[in-house]
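One protein chain, two forms: both are listed below as structure tokens, the first as structure 1 and the second as structure 2.
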Structure 1
């Protein structure tokens, strides 16, 4: 049995907590949750059958509990939360499941956390999230020449993104399919931090943030989140299309990203045969 602590009580954190509570994740016990917004943590804990789960709003108190209580720490809060807390978490010599992978776009930050993880014998796990084909991309990454990702979403799910705000785009006026952004993955992750974690996962699995190209398309006629991946290289060509239903509680998050986190956590807690990464 592994004790699980969750950082972030939004859509992913809530669904993970409920999956553990319903015993859909075997050999796992939720011991604590942390969210700086008090009402989020309280709302989540109220939905649980397990009434022994501790809700923290102060990171110092939460951190103090982790050394003796947690085996796996799951981050599903934000890129800023990763930057604020990850170095401290790595010192605990724990398994860390990281969802806000866009934070790793900073090359120096990525290098430093890799060094810190090795120093403290901690392991950072990153699920495949809202896309497929990651195992294949990792296996051929030395032969890859180009990777392109085209992500298409309903404009409403892009609201609040820095790109939308900075360019003063009124998403309500988008009536037809429109390419909003074309550039590199490092640019996309910074400009759409809550929408394009898939670009970060793709970059880390393949040829890096600056060599991975991204198109972000707004289409008011679709109700899904669609990701089209085109990988070319000496190995041949890989084409993957994923059409995800958004999370009911947060349209910015694909339901598949949540299911991916649940499956990965289940794998961390389960002995026996494991297929893929």
Structure 2
């Protein structure tokens, strides 16, 4: 049995906690949750059958409890949370499941956390999140010649993105499918931060942010978030299309990302047969 602590009691954290509580994740026991917004943790804890879960709103107190109580710490809060807490968490020699992958776009930050994880013998686990095909991309990464992501979203979902604001694009005037941006993942994550987790997971598992290319397409007829991944190389070709429905509690988060976190945590806690690379 592994003891689980969750940082962030929003869409992902809540569904993950409920999955543990309903014993849909085997061999896991939720011991604590932490959220900077008091009502978020309180709201979550009230929904649990397990009344022994401690709810923290202060990182210092939460951190103090982890050393003896937690085996796996799940971050599903924000990029800021990763920047604020990850180095401290790494010192604890625990398994860390990280959802706010966009924080790893910063090359220096990434190499520093890798060094720290090795030094303290901690492991950072990154589920495949809102996309599919990551297991294959990891396996063929040495053979990849090109890797492209085409993300198609309703223009409403792109409103407020720096690319839209900087170019003074009136999204209401987009009446037909339109390619808004083509460039590297490196550029895309800065211009479309809402797409950051998908581009980050793809770049980290394949050939990096500078060699991964991204198209962002606005389509007023689409209601879901669509990601098409096209990888070519000496191994052959890989084509993956994912049509994601949003989570009911946070439309910015795909339901698949939540299921992916649940599945990954289940695998981490389970003995016996493990499938997939």
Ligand SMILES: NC(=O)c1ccc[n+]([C@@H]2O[C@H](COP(=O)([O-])OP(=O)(O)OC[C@H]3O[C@@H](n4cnc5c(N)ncnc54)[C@H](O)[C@@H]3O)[C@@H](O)[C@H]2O)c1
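The model shown is predicted, which means the values in this text are computed figures rather than measured ones. Residue numbers count along the first chain shown, from 1. By rigid core we mean the largest C-alpha set that fits within 1.5 Å across both forms.
In this pair, the copy labelled structure 2 belongs to the form predicted in complex with the named molecule. Comparing the forms between structures 1 and 2 on their rigid core, the Cα displacement of residue 221 reaches 2 Å or more. Put the two forms on the same core and the Cα of residue 193 is off by 2 Å or more between structures 1 and 2. Relative to the superposed core, residue 124 shifts its CA atom by less than 2 Å between structures 1 and 2. Core-based superposition between structures 1 and 2 puts the Cα shift at residue 183 at 2.9 Å.
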